[in-house]
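Take a look at this single chain, the form predicted alone, given in structure tokens.
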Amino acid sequence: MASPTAWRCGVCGYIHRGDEPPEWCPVCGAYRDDFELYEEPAPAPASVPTAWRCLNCGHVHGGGEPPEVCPVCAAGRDRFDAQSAPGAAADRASDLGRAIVVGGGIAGLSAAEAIRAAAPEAEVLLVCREPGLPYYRLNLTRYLAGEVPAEALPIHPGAWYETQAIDLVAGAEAAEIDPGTHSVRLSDGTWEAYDRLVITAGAHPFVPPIPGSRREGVTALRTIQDADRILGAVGDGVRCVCLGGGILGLETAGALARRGAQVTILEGYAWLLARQLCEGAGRLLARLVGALGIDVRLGVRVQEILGDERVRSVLLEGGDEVRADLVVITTGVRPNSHLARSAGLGVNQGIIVDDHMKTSAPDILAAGDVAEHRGTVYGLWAPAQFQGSIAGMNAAGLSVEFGGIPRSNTLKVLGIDLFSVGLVEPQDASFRVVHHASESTYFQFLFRDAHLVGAILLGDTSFAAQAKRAVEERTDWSAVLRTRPSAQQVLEHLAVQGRG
């Protein structure tokens, strides 16, 4: 008799072990058809509450109805898929005494929620470095732009944590982990014991070693406090420079421009979003951003940030100066892995985890921006949410696996429609590229072995959900590719798939 198989969810990476795929994914609620063959079996968890998945950004909303708008990307309720899913039943969890989750981002909150669902009697302690309630970090640029008020940032109201019996410790930082005694020392000196520990400490802004980067008026954007500090400095005519042309840099630039600032983006690569877009799409995006009144300078290197106590300008290699009253450094983030390193855990770029999100130390798991899974640190909202849920379920005693998911990206604030998923550049001659470019749109589809492995939609994202699903589900495009399709024909086929 052939050995049983296993199935991987193409949406969130959850691995279900068994001869047949489950009716629903217990992590993200994806349908049975979203599963693909993976490897050998093991018992799958039971049920989770009804949920809705945003087709635009992957955010999972719990409840019987979709939200009016996605709290992460502002997509309308019609862009949500019903995900009425069975999930991890509490009777499948082992007896868990006390779980500590370090980090109050989406990974940490998802972990705490999953632990509570799988182990109703367990004690759950959620330690958050920032004061206040856990919030939608991805909405900071929308908050900066005035699209959402401060009161809309928290993910749950304070009463929710009491209802869920989750002990929220805000404004506290984990200072030391002692795996030998299963305890964590907080910044106030108290030691907290755990049976399971989930590290979701997130990441911190990467500030390049640029002379003058500590001058007054130079900041990063990672927290609500950063956003409020920027709002206090920006206004009509204020000269702002954003160092870095990634997603955060572009959204920050758009938000500052809406506040009346004169904004310049300085990007070292030859095109914008070099990790998310091919060169043609990146250069078109730069033109579209420039049309909004934002000065975009590509292929430049910053030599120094000039000024006295306060920033005055940014000096570029070659001698050019860009006047600046405010400089926002948006050159990426680095995992907060120092706590794990000090505790002797395996760390590379992030904390090394296996498919169960377990670290090298017994009873310690990690998820989100701080975790490195199969050599990848995602640094994205949706993977952090999925990893957090899986880590929480495993902390509660279940056996759930994460198999990785394709990266996908969208752009907020600027009013420019953009979506990319999967690979953006062919890696060798086995890839087939189908693309189309105009003055305002750019479409690229990357195929390999009759599967869509990457897509870029710029200027028109009508078929973003269908493209994302095709990449995640590894749809067979053999029949379409035999006709040597144009980009328009690929879009038409995606439309047919969407109706199906």
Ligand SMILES: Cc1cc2nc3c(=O)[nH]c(=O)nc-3n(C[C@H](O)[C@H](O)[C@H](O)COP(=O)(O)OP(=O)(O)OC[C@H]3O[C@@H](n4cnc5c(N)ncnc54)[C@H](O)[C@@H]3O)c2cc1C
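Everything numeric in this text was worked out from a predicted model, so none of it was measured. Numbers follow the displayed sequence, beginning with 1.
The form predicted together with the named molecule exists for this protein as well; it is not shown, and the discussion that follows is about that form.
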{"item": "Interface segment, criterion being heavy atoms within 4.5 Å of the named molecule in the predicted bound form, picked from 128 to 136, 228 to 236, 254 to 262, 353 to 361", "value": "128 to 136"}
{"item": "315, 339, 300, 294 - the one with a heavy atom within 4.5 Å of the named molecule in the predicted bound form", "value": "339"}
{"item": "Of 283, 373, 182, 222, the one that lies within 4.5 Å of the named molecule in the predicted bound form (heavy atoms)", "value": "222"}
{"item": "The named molecule in the predicted bound form: contacted by all of 172, 384 and 412, heavy atom 4.5 Å", "value": "yes"}
{"item": "Contact label in the predicted bound form: residue 200 to the named molecule, heavy atom within 4.5 Å", "value": "yes"}
{"item": "In the predicted bound form, residue 421 touching the named molecule (heavy atom, 4.5 Å)", "value": "no"}
{"item": "Residue contact check: residue 403 to the named molecule in the predicted bound form, 4.5 Å heavy atom", "value": "no"}
{"item": "Contact label in the predicted bound form: residue 210 to the named molecule, heavy atom within 4.5 Å", "value": "no"}
{"item": "Partner contacts in the predicted bound form for 138 to 153 (non-hydrogen atom within 4.5 angstroms of the named molecule)", "value": "138, 140, 141"}
